[in-house]
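First structure 1, then structure 2: two forms of the same chain, each alone, as C-alpha cells.
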Structure 1
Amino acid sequence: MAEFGNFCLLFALCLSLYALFAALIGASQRQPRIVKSAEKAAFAAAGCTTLSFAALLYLTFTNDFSISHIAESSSRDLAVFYKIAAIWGAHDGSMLLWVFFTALLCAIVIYQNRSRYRDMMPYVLAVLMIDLCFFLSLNFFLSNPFKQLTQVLADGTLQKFMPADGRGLNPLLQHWAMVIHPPILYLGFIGFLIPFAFAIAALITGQIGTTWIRTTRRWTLLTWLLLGAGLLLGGKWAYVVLGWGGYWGWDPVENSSLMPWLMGTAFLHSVIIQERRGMLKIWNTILIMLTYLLGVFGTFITRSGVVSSVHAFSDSGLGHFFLIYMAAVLIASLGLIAARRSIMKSERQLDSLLSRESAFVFNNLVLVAACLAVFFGTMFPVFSKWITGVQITLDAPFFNKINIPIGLILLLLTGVGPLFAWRKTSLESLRRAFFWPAISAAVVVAVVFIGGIRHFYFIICMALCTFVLVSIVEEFFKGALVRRETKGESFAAAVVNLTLKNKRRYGGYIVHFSIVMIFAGLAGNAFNRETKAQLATGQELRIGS
C-alpha cells in the first residue's frame, strides 16, 4: 500500500508536469486539443493525489508503523477521530494533505471553467500546475509521507523495521479544534492560488478588465472566510490547550496566517474600486500576488524552522526551496506587471478626499501597514541576525503597540467608509449620514465614562463599535423603508429582499457586524487580569484591586 501511495504521488507529479507544458504549448500553438488534454491531465493528477491520500489514510487506520510518518504521529490506542488528525499531525503527512487540497481545487476550477474564457484558461491552468508541481515535488522528494523506517543491522546492512507501536499524536494536538483547524486553514491558504492564477492569466492575455476579478470573486470570498475561520479555531485551541491564558500570542506561526488574511482583506476591498471606478489595477494585481505569496510564506515559516515557534513542525530542510520558489514567483509576476503597465493605467483620478474611493484606499493602506508591521516583527530575528549577527526578538508588546491603533483606525473606516458616497460627498450629506451613529457613540462614551472606566483604548473601541453598529442598522432600516415605499412590500420582506438583491453590499454589512463583535471581544482584554503564583495552605492571594 505504501508503494502504491508513493507511486500515485510520483505519477501525479508527472501528470501535472505534463499538464503544465501541454497547457503552454496548446496556448502558444492555438491548439484546443492540446489544452483539452492538459485539462484532463490536471483531473488525472487530482485523481492520483486522492488515491495517494486514501493510501495514507488506509495505512494509518491499519496501524502500519513501518511508515516513518505514521510511527511518528499515530499509535494503536489513538481514537479514530484523532487517527485522521494524525495524518496532518506531522510534517510529511500535512504536506500530502496540502497537495491533495491543491490538486482538488485546481481540478474544480478547471472543470468550472471548461467552456468559459478559452483564451485565458490555458494560462490559468499553467499557473495552477506550477504551484501543484512545486508542492508535489517537495512532498515526493523531500518530505515523503510514505518513507519507511529502516535500521542498520550489526553487519552493516539495512533492514526494514516496524516498531510495535507508534509514538502517538502529540497530546497537545488531541483537541477537536486541531482536527479541523489544519484542513480549514490549508484551504484558506491554498484558495488564494485561484484568483492569483486568473490575475496572471489576465496579465498574459492582456485582458486587464474586471473579468478575472468577477469570475474568482466567490473563490476569494470562500478562501477568505475559511482562512478567518482557521484563525479563530487556532485561537480557540490556543486558549483551551496551550497554557498561555490567551487566544493570540503573536507567535510567528500565528502571524504567518494572519498576514495573508490581512492582505486578502485589502484585496477584497480594493477590487471593488477597480470594478466600480476602473482604478488601482496594478495595485490589485500586486495585492493578490502578495496574498498568494504570503500563503506560501506561511507554510515556509511553519516548515522551515527559520523562526522558532510553538506551532512549527521541526526543521525539515525545505527552507531554501521555498525561498527560491517565492523569489521566482515574485520576480516573474512583477516582471509581467511591468511589461503590461501601459495598459493598466487608471481610467480615472481620485475626485475627492471625502469619497468612498478614498475610504477604500485608506482601508487598503492601513491593512497593508498592519501586514507589514506583522511581517517586520515576525522576521525581525532573522533580519537582525543578518545585519548585526545577533538575533533580536520582538514580543507581544511590539505587536500590540502598533496593531491596536491600526485596528481602531480600521474599525473607524468600517463605520465611515460606507457612509461616504462614491466620487465625492459634501459636508451637508455627511452631517445627515453621521447623525445617528455619532450621537449613539457619544452616548456610549458618556455611559462608559460615568461607569468609571478610564481605559483609553477601551473607550475608543466601544465608541467605534457603537458607531459601526448603528450605521449598519440604519443602512438596513432606511434601505428597507425605501423599498417598502417603492415596491410596496412589508417591512420584513423589504429587509430580506434588500439583502438578497444586493448581496455584495448588505452581505458586506453582515461581515462588518461580525468584525464589530470580534473587536468588542478584543476590547474586553483591557480588563484581563492574569496572575500566577504558588500558594501555601491557608495563604491568600488577591487579584486585581
Structure 2
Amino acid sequence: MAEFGNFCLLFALCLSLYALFAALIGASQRQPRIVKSAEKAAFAAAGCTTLSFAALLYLTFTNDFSISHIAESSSRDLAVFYKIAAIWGAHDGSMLLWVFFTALLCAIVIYQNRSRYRDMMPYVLAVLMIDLCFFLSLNFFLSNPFKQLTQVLADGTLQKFMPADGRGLNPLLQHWAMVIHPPILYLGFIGFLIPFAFAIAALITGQIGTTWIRTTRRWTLLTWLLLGAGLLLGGKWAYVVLGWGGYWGWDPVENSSLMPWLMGTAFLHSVIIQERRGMLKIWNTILIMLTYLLGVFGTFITRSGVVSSVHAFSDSGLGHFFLIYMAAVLIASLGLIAARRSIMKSERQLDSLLSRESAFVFNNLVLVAACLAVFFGTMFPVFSKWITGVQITLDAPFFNKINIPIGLILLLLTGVGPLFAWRKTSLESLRRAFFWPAISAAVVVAVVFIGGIRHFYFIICMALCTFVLVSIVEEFFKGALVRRETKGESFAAAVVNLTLKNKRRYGGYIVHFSIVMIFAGLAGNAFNRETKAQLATGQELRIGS
C-alpha cells in the first residue's frame, strides 16, 4: 500500500505537469481540445492525490509502523479520533493533506467553470497547476509521507524495519480542536489560490474589469470564513491545552495565520469599490497577490524552522524552496501588473473624504498596517540576526503596543464606514446618523467610569463597541420600519426579509456585529493580573482586590 500511495503521488505530479503545459499550449494555439485534455488531467491529478491520501489513512489505521511518518505520529493505543489527526500531526503527512486539499479545490473550480470564461480558464488552470506542481514536488521528493524504515543487517544489506509500536501523537495535539483545526486552517490558506489564479488570468487576457471578482466572490468569502474559524479553533486549543494563560500569544505560527486573514479582509472590502466605482484595480490585484503569498508564507514559517514556535515542525530543509517560489510568484505578478498598468487606471476619483469610498480606503490602510506590523514583529528575529548577528525576539508587549491602537481605529471604521454615503456625505446626514450611536457610547463611558474602571484602552474599546452596535441596530431598525410600511409585514419578518433581499449589505452588518463581540472579548485582557511570589506553607498572596 505504501508503494501504491507513492506511485499515486508521482502520477499526480506527472498529470499536473501535463495539465500546466497543455493549458498554455491550448491557449496560445487556440485549441479548445487541448485545453479540455488539460482539465481532464487536472481531474485525474485530484483523483490520484485522493488515492494517495486514502493510502496513508489506511496505513495509519492498520498500524503499519514500517512507514516512518506513522511510526513518528501514531501508536496502537491511540484513539481512532486521534489516528486521523496523526496524519497531519507530523510534517510529511501534513504536506500530503495540503496537496490533497489543493488538488481537490483545483478540480472543483475547474468543474464549476467548465463552460464559462473559456478565454480565461486556460490561464486559471495554468496558475492552479503551477501551485499544485510545486507542492507535489516538495511532497514527493523532499517530504514523502511513504518513506519506509530500514535496518542494516550484518551482511550490509538493508531490510524493512517494523517497530513494535509508534511514538504516538504529541499529547499537546490530543484535543478535539486539533483534529479539525489544521484542515480548516489549511483550506483557509489554500483557498485564496482561486481568486489569485483568476486575477492573474484577468491580467494576462486584459479583462481587468469585475468579471474575475464576481466569479470568485463566494470562493473568497468561504476561504476567509474558514481561515477565521481556524484561528478561533486554534485559540480554543491554546486556551485549554497549552496553559500559557490565554488564547493568543503572538506566536510566529499564530501570526502567520492572522496575516492572510487581515489582508483578505482588506481585499473583501476593497473590491466593493472596484465593483461600484471602477477604482483601485491595481490595488486589488496586489492585495489578492499578497494574500495568496501570505498563505504560502504561513506554511513556510511552519516548516522552515526560520523562527522558533511551539506550533512549528522542526526544520524540514524546505525553507529555501519556499523562498524561491514566493520570490518567483511575486516578481512574475508585479511584472504582469506593470505591463497592464495602462489599462488598469481608475475610472473615477474620490469625490470627497466624507464618503463610503474613502472609509473603505482608510479601512484598507489600517488592515494593511496591522498586517505589516505583525509581519515585522514576527520576522524581527531573522532581520536582527542578518543585521547584527544577534537574534532578538519581540514578545507580546510589542505586538500589543502596536496593534491595540490599530485595532481600535479599525473598530471605529467598522461603525462609521457604513454610515457614509457613496461619493459624498453631507454634514447634516452625518449628524443624524451619528447622534444615537454617539449618545449611547457616551452613556457607556460614563457608566464604566463611575464603576471605577480607569483603563484607557478598555474605556475606548467599550465606547466604540457600543457605537458600532447601536449603529448596526439602527440600520436594521430603519430598514425594517420602511419594509413594514411598504410591504405590510410584521417587524420580525421585515428584519429577516430585509437581510435576505440585501445579503451583502446586511450580511456585512452581521459580520461587523461579530467583530464587536470579538473586541469585547479582547478587552477583557485589560483585567488580567500576573504576580510571581514564593510562598511558605500557610502563607497567603493577594492579587488585585
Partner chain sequence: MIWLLYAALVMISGYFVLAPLFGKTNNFDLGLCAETELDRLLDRKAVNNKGLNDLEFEYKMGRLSDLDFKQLETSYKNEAAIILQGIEQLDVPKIEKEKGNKKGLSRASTKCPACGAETAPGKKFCADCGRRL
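Sequence positions of structure 1, starting at 1, serve as the residue numbers. Predicted, not measured: the structure shown is a model, and the values here were computed from it. Superpose the two forms; the largest set of C-alphas matching within 1.5 Å is the rigid core.
- The form predicted together with its partner chain corresponds to structure 1; structure 2 is the other form.
- Shown in the overlay between the two structures, fitted on the rigid core, is a CA shift at S490 of 2 Å or greater.
- Structural comparison between the two structures after rigid-core fitting shows the C-alpha of Q534 displaced 5.4 Å.
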